[in-house]
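One chain follows as structure tokens, the form predicted alone.
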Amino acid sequence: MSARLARVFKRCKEAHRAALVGYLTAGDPNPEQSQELLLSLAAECDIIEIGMPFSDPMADGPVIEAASERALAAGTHIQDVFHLSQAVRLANPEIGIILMGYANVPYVMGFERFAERAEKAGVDGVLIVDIPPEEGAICDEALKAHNLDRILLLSPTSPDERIHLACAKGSGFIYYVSLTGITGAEMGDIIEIQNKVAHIQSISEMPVCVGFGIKTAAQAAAVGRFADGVVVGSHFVNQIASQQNHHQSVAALSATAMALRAAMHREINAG
């Protein structure tokens, strides 16, 4: 695990709370406004997950897919992703920064060059949805050489064999997908999620963050009781599309993040 991510999870553990992981798509609705939105969200989160816009996202639902379409229509390039990551890093020296996306982008750029640029931008880890641990030889060496954690996914259908493989090949944290579906769908059964997370935690000491389908403060608080991190994506992205102008989007995003964070704190304090 990168030193910075290790410090993030250590701080949260000492505070007896889960880390809040917030996702936004880079360049949505355009690179200039995206920077202010990312900085606003980063101010309330422990880890910021920055999506690399792509035209054919297989794991994303309509909200995040639309965000990618807006970003690409505005001319967002991978260089903008690095620029935005660096802006977040300069403003937040101790926050965790993860790039999330699909293999096409770093593959075309070249994994070595991609990893080098990500490291220089202050990125801590990379989550490439469509490169499973079995195919990691294409990127693992480059990411490791540039001190980037390789975040891997597990799901409700992951058997023990795959859990062990992901824990052995991955680093930083395990991203547990709470449902068998796309981003923005309804969250799975909370008891089943808790049991699966506990099982993963019994196999590995790596932190487990839960995402997909978490939309409300109550859901974030409930998941935060047992997970090491709570990932919120579509709910944050929706604050951009649902507002009439940029200033309202920034205000709505900040208020939403603050409400989720406060609910997670109240749940811990109540326990």
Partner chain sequence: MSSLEHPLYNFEITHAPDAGGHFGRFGGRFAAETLMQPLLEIEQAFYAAWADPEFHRERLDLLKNYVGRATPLYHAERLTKLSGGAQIYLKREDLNHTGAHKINNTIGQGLLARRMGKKRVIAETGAGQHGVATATVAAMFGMQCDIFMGREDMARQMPNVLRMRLLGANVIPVDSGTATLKDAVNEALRNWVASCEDTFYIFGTAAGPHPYPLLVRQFHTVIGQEARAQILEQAGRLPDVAIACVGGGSNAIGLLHPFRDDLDVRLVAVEAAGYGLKTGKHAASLAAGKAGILHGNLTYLLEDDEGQVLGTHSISAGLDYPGVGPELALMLEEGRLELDAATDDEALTALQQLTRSEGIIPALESSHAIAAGCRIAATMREDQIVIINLSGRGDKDMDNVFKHLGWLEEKQ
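Computed from a predicted structure; not experimentally measured. Positions refer to the first chain, counted from 1.
Same protein, other form: the form predicted together with the partner chain, not shown, and the subject of what follows.
Give me the residue from 200, 190, 87, 105 that has a heavy atom within 4.5 Å of the partner chain in the predicted complex. Flagged contact: 105.
Contacting member of 242, 245, 216, 55, with respect to the partner chain in the predicted complex [4.5 Å, heavy atom]: Residue within 4.5 Å of the partner: 55.
Quick one: in the predicted complex, does every one of 72, 134 and 153 get a heavy atom within 4.5 Å of the partner chain? Yes: each residue has a heavy atom within 4.5 Å of the partner.
Heavy atoms within 4.5 Å of the partner chain in the predicted complex: does residue 157 have any? Residue 157: contacts the partner chain in the predicted complex.
Verify the contact flag for residue 94: yes if a non-hydrogen atom of it lies within 4.5 Å of a non-hydrogen atom of the partner chain in the predicted complex, no if not. Answer no; every heavy atom of residue 94 is more than 4.5 Å from the partner chain in the predicted complex.
Partner proximity in the predicted complex: residue 142 to the partner chain, non-hydrogen atom cutoff 4.5 Å: Residue 142: no, not in contact with the partner chain in the predicted complex.
Non-hydrogen atom contact residue 148 with the partner chain in the predicted complex at 4.5 angstroms: Judged by the heavy-atom cut-off of 4.5 Å, residue 148 is well away from the partner chain in the predicted complex.
The chain here is shown without the partner chain. Which stretch in 230-238, 200-208, 47-55, 28-36 comes within 4.5 angstroms of it in the predicted complex, by heavy atom distance? Result for this chain: 47-55.
Partner contacts in the predicted complex for 62-82 (non-hydrogen atom within 4.5 angstroms of the partner chain): 65, 69, 72, 77, 78, in sequence order.
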